[in-house]
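One chain is shown next in structure tokens, namely the form predicted alone.
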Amino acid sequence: MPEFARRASASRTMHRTLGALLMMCGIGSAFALDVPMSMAQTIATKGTTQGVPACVACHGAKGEGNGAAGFPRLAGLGQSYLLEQLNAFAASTRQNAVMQPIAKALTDAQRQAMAAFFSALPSTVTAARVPEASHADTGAWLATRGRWTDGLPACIQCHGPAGLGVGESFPPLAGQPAAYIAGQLRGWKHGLRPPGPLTLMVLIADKLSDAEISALADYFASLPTAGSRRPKTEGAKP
């Protein structure tokens, strides 16, 4: 076999082996090839010719979200979690007037690529010192202590200290818009979102009053993230 042919054959074998290793390691096709990631970036920044708007219009240029409008942060969330949500919107098992038509207009490959794209963006969530909860602060108390007399666990038991998130299934809550968090809790309470792992969130949301949902949402939205600063209270020292 000529030398150039032998090298070409070796190159093809190497690429096939690399692709197989990537898949064995659980790295999705969007990471295995540059093309899907390029496609995802195009959709994120420009949308599609089929009418899907650019994701950054609502979720920010870096996937940081838009607190004022209630659009959640996507950067750094788990890839499998993001894909699960996009698939749920597409199947109408998770209901949202904005996201359902968008997810339905995306192909399976595009949804996989978008999940990989946003999960790979750097997260703005970092560890922060959280003050000791007071029983008078309903949101902080439920988030960090729960209400065990009612079988209600503390949110941080699954979502991590300071709401930083744990693994793929329990996303970070710190700094997400209060309107978004409250909307998701009410969605679980009224059957507008899939039940999730062990139907845990449905059971939790059912035990929360509307006032407690608002308090929890306000608490997690107030937790600082990277680049954010708490507003100074009147009379506080600089």
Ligand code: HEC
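This structure is a prediction, so every number in the text was calculated from the model and none was measured. In this text, residue numbers run from 1 along the sequence as written.
Missing here is the form predicted together with heme C; even so, the following discussion is about that form.
Residue (of Pro153, Gly167, Pro101, Pro122) lying close to heme C in the predicted complex, criterion heavy atoms within 4.5 Å: Of Pro153, Gly167, Pro101, Pro122, the residue with a heavy atom within 4.5 Å of heme C in the predicted complex is Pro153.
In the predicted complex, does Phe89 have a heavy atom within 4.5 Å of heme C? Flag for Phe89 set to yes.
Using a 4.5 Å heavy atom cut-off, state whether Pro72 contacts heme C in the predicted complex. Taking the distances in the predicted complex, the answer for Pro72 is yes, it comes within 4.5 Å of heme C.
Would Ala133 sit within 4.5 Å of heme C in the predicted complex, counting heavy atoms only? Judged by the heavy-atom cut-off of 4.5 Å, Ala133 is well away from heme C in the predicted complex.
Using the partner position in the predicted complex, report whether Ala116 sits within 4.5 Å of heme C, counting heavy atoms only. Close contact is absent here: in the predicted complex, Ala116 is far from heme C, nothing within 4.5 Å, heavy atoms only.
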